[in-house]
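The chain below stands alone and is given as structure tokens, in the form predicted alone.
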Amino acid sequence: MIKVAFYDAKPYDKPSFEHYGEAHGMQFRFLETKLNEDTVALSNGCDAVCVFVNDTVNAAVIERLYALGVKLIALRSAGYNNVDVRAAFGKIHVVHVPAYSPYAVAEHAMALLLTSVRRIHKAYNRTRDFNFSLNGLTGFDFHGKTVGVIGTGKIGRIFIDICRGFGMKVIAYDPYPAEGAGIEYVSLDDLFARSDVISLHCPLNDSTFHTVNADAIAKMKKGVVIVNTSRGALIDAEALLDGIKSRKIGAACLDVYEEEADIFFEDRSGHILDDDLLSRLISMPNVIVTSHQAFLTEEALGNIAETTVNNIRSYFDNDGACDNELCYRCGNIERCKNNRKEKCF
């Protein structure tokens, strides 16, 4: 029986993981708390830990996990910026879920965009009060507008297909272009200057940190709409707020936030929010914030659980080898030079 400490467990996580875990001889220890230096001891006696985007898996946590005999860190997400993969090398293997439902995230990005541009959220609130005025609800057509997509992995390409269905012109930036996809790739500066809508679909790393900052915003069109369903720190939130206040940014649609770790996924409705920047963003009439829910569909939850369980099973059945290992040794973490034919160390 493989024992797994499952951190930051939510009610919607348990059914799928219990189903797939039981079928694969796995026992999950569901923990409501997030993984950090104070809670790492709760994984004592476990073979693996299962973590999510706001768990802290830094060098100190990894060292403690290693001392406790934990063999594997299994991310139930595609992103891994919260894991010090370098510190894990040589001690604990790290696996992730590279694709669970790219449609879920891409569709949520478009849902946010439609809601914002067509003022659907405002109309919903009005009509519940029997206010049927149309004043202040004017939007704009998507047809013919230019959307700039930063990151053309699976999610980005599906979002591009959706935008093309609306008759939008698509331009994109990615350091690793998708060959043969029929996408017009441009420089970041060109994308900033030409786009009516900018949507972020790239991972967070040293090169993408604060991709949208004050300098980038200065290059954008007046009235640009920014959508982020990837990672919060892709956007400098202070610069974003300044761009909104100066009327340079027409709207922002955010499913993620730079300092979300201690806020998102929890009910804070009865508390005063200590994060003044997030409070100010939410108060803006042209900002929509959802709490990192783009992945949250029945299909995605099932795929996440199935892939995570298969990753864990594969590691313990194949002497540490797993198709979805994050390979630090290669220097190209997601694009392993060994094509995942052998374990990272």
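The numbering used is simple: start at 1 and walk along the sequence shown. Just so it is clear, the model here is predicted, and its values are computed rather than measured.
Not pictured, yet referred to below: the form predicted together with a small molecule.
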- Query: Taking heavy atoms and a 4.5 Å cut-off, does residue 75 contact the small molecule in the predicted complex?
  - Reply: no
- Query: Does at least one non-hydrogen atom of residue 175 fall within 4.5 angstroms of the small molecule in the predicted complex?
  - Reply: yes
- Heavy atom to heavy atom, is residue 195 within 4.5 Å of the small molecule in the predicted complex? no
- Query: Contact between residue 236 and the small molecule in the predicted complex at 4.5 Å, heavy atoms?
  - Reply: no
- 160, 202, 224, 240: which sits within 4.5 Å of the small molecule in the predicted complex by any heavy atom? 202
- Item | Single option in 70, 301, 294, 288 placed near the small molecule in the predicted complex, where near means a heavy atom within 4.5 Å | 294
- Message: Please pick out the stretch from 161-169, 120-128, 215-223, 251-259 that is in contact with the small molecule in the predicted complex, where contact means heavy atoms within 4.5 Å.
- Response: 251-259
